[in-house]
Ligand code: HEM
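First, one chain by itself in structure tokens, the form predicted on its own.
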């Protein structure tokens, strides 16, 4: 059987940190291969790209357990979450997330919460003359998702919106800022555990048919309720990703401000056009560079054998910029025929696979809907523009963002 090429050198952690999103696709291009072996943190890893690689890491031949550094796991999904489960246990809890996040009424209800709050926020922003959108959007998303998820109308931890944002913003780093984000996350988890305990004790009311109500009512395959700590983790796995959509919204505003023609076209309020714009924002904007997995048994990828317990990293960002799948990949073109509904293994801004049976993110519908709502409101608002600023995107920062955070200047 063929052997995968191996990168020269003893360890490639420094190269990964230096190149960021470009580490896997650039090495594949240099080696003339869609896969290679490397060592990261002194650990053997197979790096792959392409739809077949996506199909592999979203199959039942792999597990997510042990596939990411501890700080990344802790800031994002965390232990005992649905993303860390496999097989029947994963499918059972994933069905809960599908009910909470992918029912038409649920998506519409969250959009309506966001729509009202964003309109009010834009009125406030006009009084401030200028805002940094990647920061200003976080309280709007936080208020919307907290109301939608069914959190009781009680005092929240100070800086909750910023804490939720930092969980994703610091997940790709190391050092004091990452440890601070971990510490702040632990405080939010304690707060949520207390709310859940009070809700179960009947001392605070929880609205029916909300995600919080559904989480509390959920039973595992043996008929047992989830403990308060696990419920707090899964509740955070709704709150945190919704706030993380603000990064996409900042990129969307950047593209909208740079393309006045699209601003004019979207002013008409066509929902399908706003959704297409949102999908192209997801494709072009750096979000997740790659997804990790561990093989559960020996498998093959394009004729290359992979042993059991092999660590695999599958490139996502590079494939979204690959001319084999997206002609003129660096051009911003919302007319491309791409949608989360296709469950394609090449259009993978938030991962691949089948959402009902794999680890594919169940929040894509929500993501596209909220980006599209923000785009529609911004396109219809003639009072803002992009002032001169540094909108460069450093691809060795994980997750990436425009350097300025996308400043919007309002005229009144």
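Just so we're clear, the structure is a prediction, and the values are computed from it rather than from any experiment. Residue numbers count along the first chain shown, from 1.
This protein has a second form, the form predicted in complex with this ligand, left out of what is shown; the following refers to that one.
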| query | finding |
| --- | --- |
| Joint contact, 23, 318 and 393 to this ligand in the model of the complex, by non-hydrogen atom at 4.5 Å | no |
| Proximity to this ligand in the model of the complex (heavy atom, within 4.5 Å), stretch among 372-380, 45-53, 359-367, 339-347 | 359-367 |
| In the model of the complex, the one of 90, 283, 74, 184 near this ligand [non-hydrogen atom within 4.5 angstroms] | 90 |
| Contact residue in the model of the complex, from 238, 312, 171, 196 (heavy atom within 4.5 Å of this ligand) | 238 |
| Contact test in the model of the complex: residue 242 vs this ligand, heavy atoms, 4.5 Å | yes |
| In the model of the complex, residue 94 touching this ligand (heavy atom, 4.5 Å) | yes |
| Touches this ligand in the model of the complex: residue 287 (any heavy atom, 4.5 Å) | yes |
| Close approach of residue 248 to this ligand in the model of the complex, 4.5 Å, heavy atom | yes |
